[in-house]
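Shown next as structure tokens: one chain only, the form predicted on its own.
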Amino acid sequence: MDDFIAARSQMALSLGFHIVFSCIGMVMPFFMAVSHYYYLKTNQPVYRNVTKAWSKGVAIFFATGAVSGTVLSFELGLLWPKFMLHAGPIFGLPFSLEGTAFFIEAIALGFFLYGWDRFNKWFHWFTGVVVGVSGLVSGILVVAANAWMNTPTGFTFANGQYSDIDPIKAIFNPAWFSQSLHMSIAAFAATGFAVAGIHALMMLKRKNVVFHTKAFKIAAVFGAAAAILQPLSGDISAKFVARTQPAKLAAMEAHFTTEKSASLIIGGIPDEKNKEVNYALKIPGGLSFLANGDFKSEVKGLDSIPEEERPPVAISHYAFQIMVALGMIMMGIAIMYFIAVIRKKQWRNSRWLLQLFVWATPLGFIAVEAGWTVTEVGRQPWIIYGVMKTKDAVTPMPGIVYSFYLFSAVYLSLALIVIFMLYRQIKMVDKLYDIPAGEQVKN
């Protein structure tokens, strides 16, 4: 492993871990706020207990997300100094605003965790809402910075120099809306299914059934609604990528030849040497419609892209196929859940439906990881699309491979610690939370 691959691998590892923590940190506070609202309206102790249990999970993921996010900030400067030299003044504003949102989130979370029976009950609930809103804004700002790397705007580039910098245009670059929408819905879908799956497992084991049933319903509604909306945001993103990054779309679809009425490829194994896809299901005109809304329109293939500017096809294609396949599975489960809620009441607590949610627990986050792989690998070889190549931005400092090994160990340890803490929280439900609120241990 050379230093360039080590730097990219370290960044991929850091992002891969951080995206899980940040998604949960963005979404869980909304689950918490809904449960808290139900408690305030119904005065049922079970909702207070669910809220308290979830708030501990929010605190765990806030802490781990803060650590992994701080590491990422340092890595941008340490691993990609030439990138930050030029890009820092342009998109430094969204990172500054993200820091402000982070501090607001931290203050609001402190108020919420320690505000039970100390604040006005509705003010206390409001601080929980602020945790969710500020976390969501924080995530959107970070995604906006990444979107700028895909559609760089807000500056003039000439003779190797950046001038006429407009940070507002940089934030609201052409890709910010489609990426932020897709990522935000993905976070709700992934977190909703993961949380619902854990509670469904406890329901199947007949442990603390009332507690887990209330929690399951809240998480399942959020996750199912997001899973149904996700294909719509995916369509917006696909059409945008087709207009602005034809090389990425061609790599995602393993589309080697520019043609009209291009077929949509499902599955398959790309053969880059012979410029074909083996064992794939092809839908005539499907890609043309997906990209342009017209079954007969022309779609650029990799043959229209200079060879040295083509993204890795196999990784982009497989990641895209995984993301879409898992998204469709989740949407199918979501539709069945809403049928159960609206029409087939007898399905709601059936074992087969709960088992579907249990099996789907990790699917959302696998899809999120696959989606980020498409976003980042599909942009290669550019770190700033059309402006700076990734190989030109990497640090000249030697020994990056040892840094990669060190950070791999750190993130693995962090993951094990988080898993242990969450497992402990789940095991402690019957001792701390599944009891009347009046007997709740003060904390």
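A residue's number is simply how far along the shown sequence it sits, counting from 1. Since the structure is predicted, the reported quantities are computational estimates derived from the model, not experimental observations.
In what follows, reference is made to the form predicted together with protoporphyrin IX containing FE, a form of this protein that is not presented.
Undergrad: Okay, which stretch from 212-220, 119-127, 352-360, 94-102 lines protoporphyrin IX containing FE in the model of the complex, with non-hydrogen atoms inside 4.5 Å?
TA: Comparing against protoporphyrin IX containing FE in the model of the complex, the contact stretch is 94-102.
Undergrad: Please determine whether residue 55 contacts protoporphyrin IX containing FE in the model of the complex, using a 4.5 Å cut-off between heavy atoms.
TA: Residue 55 lies outside the contact set for protoporphyrin IX containing FE.
Undergrad: Does protoporphyrin IX containing FE come within 4.5 Å of any heavy atom of residue 410 in the model of the complex?
TA: Output for residue 410 is no: heavy atoms all beyond 4.5 Å of protoporphyrin IX containing FE.
Undergrad: Looking at the partner-bound form in the model of the complex, is residue 31 within 4.5 Å of protoporphyrin IX containing FE by any heavy atom?
TA: So residue 31 does not count as contacting protoporphyrin IX containing FE.
Undergrad: Would residue 379 count as a contact of protoporphyrin IX containing FE in the model of the complex, using a 4.5 angstroms cut-off between non-hydrogen atoms?
TA: Yes.
Undergrad: Going by heavy atom distances of 4.5 angstroms or less, which of 155, 83, 318, 256 would be at the interface with protoporphyrin IX containing FE in the model of the complex?
TA: None of the other options qualify; the answer is 83.
Undergrad: Give, in sequence order, every residue of 55-73 that has a heavy atom within 4.5 Å of protoporphyrin IX containing FE in the model of the complex, or say none if there are no such residues.
TA: 61, 62, 65, 66, 69, 70, 72, 73 sit within 4.5 Å of the partner.
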